[in-house]
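First, one chain by itself in structure tokens, the form predicted alone.
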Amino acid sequence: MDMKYIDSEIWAIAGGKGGTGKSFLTSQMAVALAEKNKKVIVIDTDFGGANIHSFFGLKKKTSSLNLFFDDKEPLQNLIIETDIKNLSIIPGDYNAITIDSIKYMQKLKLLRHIKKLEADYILLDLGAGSTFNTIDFFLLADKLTVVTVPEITAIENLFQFIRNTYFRKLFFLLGVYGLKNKAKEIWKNRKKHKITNIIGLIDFIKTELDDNPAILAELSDFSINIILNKLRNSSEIDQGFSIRSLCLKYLGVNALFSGYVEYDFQFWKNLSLIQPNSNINISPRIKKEIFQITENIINEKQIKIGTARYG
């Protein structure tokens, strides 16, 4: 029986900084979805640092997004099958494109073509950082996921990314509903209005402009999935709950702590030595942790305080 695709669900995976293992986790979540007999396409939108092809043992990128931008090649024609059933990729091209070089109309065109691809799930592996283009691709998705490691600088960068993304979403919606100038005036005079943070701004808009409930409904639907990677001890699990609390307290963002992956020294050492065309073997423990994270994202669930165990 042929698969039928009514609407693809798009997942975007991002991070505040590099080196968090984001691309690896993207590839393995894609594997977990494919093993559920779902058709999955991974698109490497980490412009300037594309490497998702390496996690599937592909040495040469015979096609890439560079052909879409420069040669107007249809996105469908750039899909490359992997050795994993139901799983294919569209590689990026780190030699030709940077995220800041993409023009606005090119970005819109790519977003339209991504939505037309036939798959159950489309995973976007985004680059690190908070450029407008990265955030715009992130906000395209149905499920928003961020990856970090339990280090203070990584967590700070992650919170900045979430904050910048939420502000981008907020001011886009304010523009759609014709409230941007009003909101800017309110924020500029926030001391006068006794506003101290973004939650206060939203609450003020709610009271002053209660005839625009649609914008509040859209903002309430904004949700972020958090993954902690490379955990070395049980105390670091709490950092996932702390990030969630910060998002709720200072942004009013519904952040879900979807899960964590423990650090495996031998695995990460072996991963750095893997050559193209080599298979990546992960331990049963890591595979189980990534499978659980994937399930939590699908079902919009999170791990509960007191139930998480290390080792």
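Numbers follow the displayed sequence, beginning with 1. All values derive from a computational prediction rather than experimental measurement.
The protein also exists as the form predicted together with a small molecule; that form is not presented, and the subsequent description refers to it.
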property	result
Of 165, 239, 229, 134, the one that lies within 4.5 Å of the small molecule in the model of the complex (heavy atoms)	229
The single option of 155, 202, 170, 128 touching the small molecule in the model of the complex, heavy atom within 4.5 Å	128
The small molecule contact at residue 263 in the model of the complex, heavy atom, 4.5 Å	yes
Residue 20, heavy atom within 4.5 angstroms of the small molecule in the model of the complex	yes
Non-hydrogen atom contact residue 55 with the small molecule in the model of the complex at 4.5 angstroms	yes
Contact stretch among 33-41, 254-262, 239-247, 63-71 - heavy atom within 4.5 Å of the small molecule in the model of the complex	254-262
